[in-house]
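Below, in structure tokens: the form predicted alone, a single chain.
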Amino acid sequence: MNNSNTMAEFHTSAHLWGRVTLGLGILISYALPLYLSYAMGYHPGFDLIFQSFLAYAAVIAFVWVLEPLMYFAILGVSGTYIAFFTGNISNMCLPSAAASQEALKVEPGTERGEVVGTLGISAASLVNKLILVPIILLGLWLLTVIPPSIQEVFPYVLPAIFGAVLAQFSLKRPVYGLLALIVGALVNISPIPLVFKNLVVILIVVFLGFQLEKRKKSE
């Protein structure tokens, strides 16, 4: 059996179990609202639910399409299913996939890159759950014993992760890293609505990247 057939079977299995697990996750997520609505009698009415859905979708719907496209090149088929099932894509799954691919020197978007990235995401998700469950159960108590000086650092954790990811990719192509940083800073101080800033930065950086690559090839 050659590699292409092996990957085709791997993708077929990934699609099957990815759809099954995501479907079960969606059904389970409806359990609490259904319990509150019909067992406890707190149903708010379908008109209010529909209006709230439209208001939320008007702001965030483009992300439902954009995020899978943005992350697919690094996450791959199986990694995309796992990442969207476990959540924490930008601050856990994407960095763990990129770090594992970098550690083994495999390129994102390749078959080896997809397998390595999936293993990295799986390991990160497992560790995340092993840490997260005790913290959820003991969260309030932990906050009382963690010194305030350490709690003040928490808001800087996520920006630090994004900075580390930017530095990791920028080392491969420093020009693109600097370009993304400049575009991001300019868009951030612009009057563009907050919900569209990520999309605008991505479109501008991708456009400029294509133009730079075309210019390199023509020279």
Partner chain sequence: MNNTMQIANSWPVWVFASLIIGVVVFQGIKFLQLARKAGAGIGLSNQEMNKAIKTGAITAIGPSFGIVIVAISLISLLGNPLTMMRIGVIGSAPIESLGASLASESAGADLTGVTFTPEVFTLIVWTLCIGGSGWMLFTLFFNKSLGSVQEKISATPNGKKYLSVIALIAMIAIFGSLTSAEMIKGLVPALTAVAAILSSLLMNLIAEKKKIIWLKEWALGLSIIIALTVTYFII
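Quick caveat: nothing in here was measured; it's all calculated off a predicted structure. Here the rigid core means the biggest group of C-alpha atoms that line up within 1.5 Å when the two forms are laid on top of each other. Residue numbers count along the first chain shown, from 1.
There is also a form predicted together with the partner chain; it is not shown, and the following applies to it.
Quick check on Gly163: any heavy atom within 4.5 Å of the partner chain in the predicted bound form? So Gly163 counts as contacting the partner chain.
Would you please decide whether Arg215 lies within 4.5 angstroms of the partner chain in the predicted bound form, comparing each non-hydrogen atom pair? Contact check for Arg215: no, nothing within 4.5 Å of the partner chain in the predicted bound form.
Considering only heavy atoms, tell me if Pro159 and the partner chain come within 4.5 Å of each other in the predicted bound form. Yes, Pro159 is a contact residue.
Check Pro193 for me: does it contact the partner chain in the predicted bound form (non-hydrogen atoms, 4.5 angstroms)? Output for Pro193 is no: heavy atoms all beyond 4.5 Å of the partner chain.
In the predicted bound form, residues of 103-119 near the partner chain [heavy atom within 4.5 Å]: Ala103, Leu104, Lys105, Glu107, Pro108, Gly109, Thr110, Glu111, Arg112, Val115, Val116, Thr118, Leu119, in sequence order.
Determine whether the C-alpha of Gln211 shifts by 2 Å or more between this form and the one not shown once the rigid core is superposed. It does, since the Gln211 C-alpha is displaced 2 Å or more between this form and the one not shown after the core fit.
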